[in-house]
Structure formats: structure tokens, C-alpha cells
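Encoded as C-alpha cells, the following chain is the form predicted alone, with no partner shown.
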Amino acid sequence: MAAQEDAFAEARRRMVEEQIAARGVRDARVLEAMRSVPRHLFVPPKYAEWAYGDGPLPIGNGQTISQPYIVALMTELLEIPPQGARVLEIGTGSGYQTAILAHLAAEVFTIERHASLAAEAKARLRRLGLENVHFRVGDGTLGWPEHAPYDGILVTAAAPEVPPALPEQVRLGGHIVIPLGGRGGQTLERWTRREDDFERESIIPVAFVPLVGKQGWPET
């Protein structure tokens, strides 16, 4: 068992060096979080040997765990403040992205529409000692207004447009990071709240599962 854990630790180190830092992610806090979180615990056991590979993996319920580079990039784009930050995540999934955020923010609020995924993610994070995460099962497109405003909102599924409820829940200077586009492919975008509008940046092409909800895609 110890030898296997050592092998996973080495795989994480290579993942960060070869897949993430080599592609331009520079935030030291993000890189350290990616080195720290055991990604193999967030995938079905039959996929554990591929957990540190350069790609997404299925996690059940038609959902995926994102490619490590994309997790790191989206986290870096949030520019999470080092003290007292509150982050909203739409789409808990396996809880891997949630765990990365929990290493950087004081509080993470995460919403998942699949109750089984939310329960499994909560159990994983608690086993890892991450107690600063608040879970909700429901429609993530509506956000979690009771705890707004957030320093950042990260959306881990693709929407045709930014759900109207979300811009109202981010603080001045805060960011929304979200994949926008059709079901077949999207562009990762960052929206930054300014005094009277949002600054919109297109980052890279991506492919995410659809964001289903009242202000997203309809259930098929």
C-alpha cells in the first residue's frame, strides 16, 4: 500500500510539472493544491491507474472529472484571494475541483443536482479533512444567493449563456469562470465584475457536459 501511495504521489508530481506548469499555469498556490489532492480517490476504482493522465474520466450519472490542466487553469483564472475568500462552485461532480478550491478559499459553497454524486463527494472531502465546504443538492443555475456575494464563481458544466442569477452573486472585482457555447463544444470564458458591467475574456476551446437547470440546458 505504501509503495502504491508513493507511486501516486510521483504521478501527481509529474502531472503538475508536465501537464499543468508546462502549459503556463503559474500560481504557486494552485500548483501546490494540485500536488496535494489525491485525484485517484475521486475516480471509480477501475480508473485509478489513469487518474493522473492528461484527460477527463467518467464518474457516473453521465458526468466526468475534468482534465487536470483544465481544473488548474479554471482555478487560476478565479484569482482566489489568499485570506477569507468565499467561492461558489456549480457542479460538484466527484468533488475533485471542490477539493482544490477548498485548499485555496476560506469557504466553498458547492451545488450538485445529482444527490448520489453530492453524497459521495461530501464523504470523500470529509475523509480528507476538508471541513470548509458547504453542499447543496439542487439547481446550480440559480446559484446560492443566501451566501452571496462570492469572490468567485466557477461553473463546471457548459451553458448556452451565463445564467442570469449568477452575475448578481459575485462581488465587485470578482470572477465568473464558465464554459459557454453549444452542447458539442464551448469556449472557456472569464467574466470580471466592474462598476457597471462585466469584462468578458475568451480563454481556450473546451468540451464540457451540459449545465442542466432552469437557467441552463433543459433536461433531455
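Here the structure is a predicted model, which means the values were calculated and not measured. Start at 1 with the first residue shown and count on from there.
The form predicted in complex with S-adenosylmethionine (SAM) exists for this protein as well; it is not shown, and the discussion that follows is about that form.
- In the model of the complex, at least one heavy atom of Ser66 sits within 4.5 Å of a heavy atom of S-adenosylmethionine (SAM).
- Within this chain, Ala157 lines the site of S-adenosylmethionine (SAM) in the model of the complex, having a heavy atom no more than 4.5 Å away.
- By the criterion of a heavy atom within 4.5 Å, Thr75 is excluded from the residues contacting S-adenosylmethionine (SAM) in the model of the complex.
- Arg86 falls outside the set of residues with a heavy atom inside 4.5 Å of S-adenosylmethionine (SAM) in the model of the complex.
- Comment: 105-113 is the region of 126-134, 145-153, 78-86, 105-113 lying near S-adenosylmethionine (SAM) in the model of the complex, near meaning a non-hydrogen atom within 4.5 Å.
- Contacts with S-adenosylmethionine (SAM) in the model of the complex, taken as any heavy atom within 4.5 Å, map within 79-109 to Glu89, Ile90, Gly91, Thr92, Gly93, Ser94, Gly95, Tyr96, Gln97.
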